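Starting off, we have a lone chain in the form predicted on its own, written out as structure tokens.
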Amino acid sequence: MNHKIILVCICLLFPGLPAQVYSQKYKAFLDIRLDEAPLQYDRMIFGQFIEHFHRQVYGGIFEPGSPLSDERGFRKDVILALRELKVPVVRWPGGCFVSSYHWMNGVGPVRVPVYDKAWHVEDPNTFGTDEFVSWCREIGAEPYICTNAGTGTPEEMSEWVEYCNLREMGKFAAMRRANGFEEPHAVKYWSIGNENYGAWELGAKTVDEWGDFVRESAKLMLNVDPTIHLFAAALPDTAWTIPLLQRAGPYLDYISIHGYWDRLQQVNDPSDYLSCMRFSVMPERRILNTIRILEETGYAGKIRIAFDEWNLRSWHHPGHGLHREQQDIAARDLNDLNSTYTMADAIFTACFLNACLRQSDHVAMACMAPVVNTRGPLYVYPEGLVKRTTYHVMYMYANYLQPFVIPCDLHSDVFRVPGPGGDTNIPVVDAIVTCSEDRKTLTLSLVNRHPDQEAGCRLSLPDLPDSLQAYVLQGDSPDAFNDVDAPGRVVPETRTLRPRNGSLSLPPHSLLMITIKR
């Protein structure tokens, strides 16, 4: 059967679509269920993360003496850029770093440098709790503190809560006031541990140890401040997380899961665009596995998911976790090669956020790791900064979406992506639909994963206007990136789209955000 006959048959089946849409190789249909109740999602999904690793803190967000910093040492250009992202929450101080971090070394007028056992460098401790909370308030974000559940103790965690949140009682509240902070820091979000299930983590715990440790830590912390929200390091794995919930579930508000898919810890050989598209469907599977564990234990709707450390590409730190093998500190500079962060990273990020928003009845927070340098959306150097492709994705989601998610069904053609276990079929189009409270304003997030082919996407909405304004993020190639000498190569553009019989044409390797007034 030739192409023309196929086209005629398809048009007979779907008379509402124009011929030129069907001439496109890839197609999708987005069925928006306007008659169903929308769900308000938590903006904490657009959160960020910062760790004492390489140039994230020192030489990143904090650079005393720089002409670009304020009197506290905070980089002013970074503050302005993160305000544009409307960052709702930032997790700190780690990460692997936290499992040998003792918070009292980082407060008060006298700071003594310590050896960082995780990353094998000296930390000056000049950026500690007070600086972190002050910096978060400056960018408009809630501080989220991850505690030391490796070499630390439950009592040390609860004393940290005392320092931050008690007004007057006890020596730690007095210590904070003596350090110049009369009012409590009022830190709402606290995590017990970071990846304590992993052999790479200092002070790692066994399954049998973890639930009891979390329970006793939570009891002490809640007896200091019963209003805080508690998290615990978890996995989308029944063997680890079911015992945790059985022992500590009544004390928890969130379980914390992590994910990096392009594994580059030991060898910095970033995956190509197509491989990254194969990774782009994986975060939602991890979320769904975690939801099933919450449902199985009866905690669905009671404990929510925080995907509080995530990125497409893991950090490059050769030697870490290999114990007797020397870490290569200089090799960490490879994380800051801006050519790594292409449209592959942008499209993956959009698909990740779409997955969290689709599952936002369970996912209440996500923290991109990190926010500055390494694999972050901002590259900061002594003379300025570069907004990488992922920065613009985070900007679009933070600024253009409506506050509610509408259920929808997406039917998309697939394309084949090669992988180590054989070819994988990946949907060409990914999408979510958000709306205003009265459902009269819709904002669609549409992603075309294909590297070089347009995709036709038909919408179930009646009476689309003749033209629509769209914000479009698309590079001049799938491998396009921003850098110091070309900071604007990939930036969102405003384009006019002209629907034909309810169908839109999505450019290759692109993210589109379209607002429709009903």
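Position 1 is the first residue in the sequence shown; the rest follow in order. These numbers were taken from a predicted model, which means no experiment stands behind them.
The same protein also exists as the form predicted together with a small molecule; that form is not shown, yet it is the one meant from here on.
Quiz prompt | in the predicted complex, the residue from 372, 164, 96, 233 that sits within 4.5 Å of the small molecule by heavy atoms | solution = So the residue touching the small molecule in the predicted complex, by this definition, is 96.
Quiz prompt | Heavy atom within 4.5 Å of the small molecule in the predicted complex - the one residue of 258, 304, 247, 392 that qualifies | solution = Flagged contact: 258.
Quiz item: With the partner removed from view, which of 125-133, 310-318, 238-246, 272-280 is the stretch that lies within 4.5 Å of the small molecule in the predicted complex, judged by heavy atom distances?
Solution: Flagged stretch: 310-318.
Quiz item: Would the small molecule in the predicted complex be within 4.5 angstroms of a non-hydrogen atom of every residue among 51, 119 and 195?
Solution: Yes, each of 51, 119 and 195 comes within 4.5 Å of the small molecule in the predicted complex.
Quiz item: Using heavy atoms and a 4.5 Å limit, would one call residue 400 a contact residue for the small molecule in the predicted complex?
Solution: Flag for residue 400 set to no.
Exercise. Mark residue 381 yes when one of its heavy atoms lies within 4.5 Å of a heavy atom of the small molecule in the predicted complex, and no otherwise.
Key: Residue 381: no contact with the small molecule in the predicted complex.
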